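Below you will find one chain, with nothing else, as structure tokens; this is the form predicted on its own, and questions on how it binds or moves follow later.
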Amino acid sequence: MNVQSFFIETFGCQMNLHDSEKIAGLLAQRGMVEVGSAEEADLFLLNTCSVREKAAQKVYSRLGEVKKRKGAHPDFLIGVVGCVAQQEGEDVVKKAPFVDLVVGTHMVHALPDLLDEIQESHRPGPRVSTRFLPGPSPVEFPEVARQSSFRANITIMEGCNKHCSFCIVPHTRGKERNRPGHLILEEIRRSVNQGYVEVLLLGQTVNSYRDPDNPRFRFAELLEQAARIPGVQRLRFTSPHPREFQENTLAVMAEMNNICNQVHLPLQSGSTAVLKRMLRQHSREEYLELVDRFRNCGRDMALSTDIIVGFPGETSQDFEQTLSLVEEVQFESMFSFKYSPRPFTQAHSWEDDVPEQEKTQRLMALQSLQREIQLKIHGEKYLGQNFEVLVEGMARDKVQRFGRTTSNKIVNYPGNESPGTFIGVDITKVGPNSLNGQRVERFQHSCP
């Protein structure tokens, strides 16, 4: 068996996307070549997400499709990595016995050794490696095969200690583990020297970061030092927890203009009663106080959020409180979902008592309200204004280019600039989800 090429398909969040970049770097170090499709590869890896039920179902559906290639090419290897691998372990090969590798979230660094074992051993059967590693810090990856030519994704911490009653992340990612600050800052400097102009700091609860070598060096200190590195033109982070925002973090964001003026504040529900059952560690009132702190920090901030509808016990009055909070806050973007029970969570054993039809109606009402809010904000705040845009690539219409403002607004415009170029755009048209404009020679450096 000669495994020389690989293809990675990624489901899920930006953490998963960055994990795929790390895996690609590992396999490239092993001498393997990344190809453009599963049909060209000797090794197919599916990097998986299990945050929602449909995501896990999608994994097995996709594995069934890829299985067809194995029939014609017996040496073709199929691997499952990431959160579904961690969640299900040996059950993956029970449900899909044609899978050769199952590698959990703590063990992706072992992939080259597992591949060597498969190639050199005559022992049949899949290799399953899903144990959690001890220690305060995650494994370091010396080489990362970044997919973007301008944005460097950089892990600062992994795992979560919050144990929200609906969330499977603590089970699939384990407890919080933080990278030493000097290694993070070194990676940022290397990325800048390689030409990356935007840095995205990643973690499951990114703002709970604490340097394992110096507990006083926390997220605010890391954020400030990262922003002061010459060449970091844009600095973002995701995904934070509302409970972990300290005043010094807000002060750093207000002071440093290269820290993007967009903050993700996952809400999940506007009802204190529901938030309490969710174990979110904040009430409706505390969340609104945090919003006020951002509104009054001295810099315009675009706020985004996550909301779950139909959580067990959510009444129509609870849902109305969510709608009223959304109306009050005026989020600039939102990810919204219907609740689905996840294994290994506290809420999994509770009665899923909101009917599916009611969940759908609530989700549609919430999304309709959010579309109205976004269209209103875009018309009042963006239309007719001029912004700095970082070009990312071809727009969906395959004719225009698109980029983002520092407030994370997608802007489509006619042009031919390469990804990573900063340009000025006058906004001439707005929709609920994106903006359209014309390229100009000037741009506004200030927010948004």
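Numbers for residues come from their place in the sequence shown, where the first is 1. Remember, predicted model here, so these are calculated numbers, not experimental data.
A second form of this protein, the form predicted in complex with S-adenosyl-L-homocysteine (SAH), is not displayed here; the remarks below concern that form.
Look up in the model of the complex whether Phe319 has a non-hydrogen atom within 4.5 angstroms of S-adenosyl-L-homocysteine (SAH), and give yes or no. Output for Phe319 is no: heavy atoms all beyond 4.5 Å of S-adenosyl-L-homocysteine (SAH).
Indicate whether S-adenosyl-L-homocysteine (SAH) has at least one heavy atom within 4.5 Å of a heavy atom of Arg62 in the model of the complex. Because no heavy atom of Arg62 falls inside 4.5 Å of S-adenosyl-L-homocysteine (SAH) in the model of the complex, the answer is no.
Is Phe166 a contact residue for S-adenosyl-L-homocysteine (SAH) in the model of the complex, using a 4.5 Å heavy atom cut-off? Output for Phe166 is yes: heavy atoms within 4.5 Å of S-adenosyl-L-homocysteine (SAH).
Taking heavy atoms and a 4.5 Å cut-off, does Tyr339 contact S-adenosyl-L-homocysteine (SAH) in the model of the complex? Tyr339 belongs to the contact set for S-adenosyl-L-homocysteine (SAH).
Taking Val51, Ser239 and Gln268 together, does each of them reach S-adenosyl-L-homocysteine (SAH) in the model of the complex with some heavy atom inside 4.5 Å? Yes, the whole candidate spot contacts S-adenosyl-L-homocysteine (SAH).
Heavy atom within 4.5 Å of S-adenosyl-L-homocysteine (SAH) in the model of the complex: which of Val92, Ile308, Leu201, Met253? None of the others qualify; the residue that does is Ile308.
Specify the contacting stretch among 339-347, 221-229, 254-262, 105-113, defined as having any heavy atom within 4.5 Å of S-adenosyl-L-homocysteine (SAH) in the model of the complex. Among the listed stretches, the partner-contacting one is 339-347.
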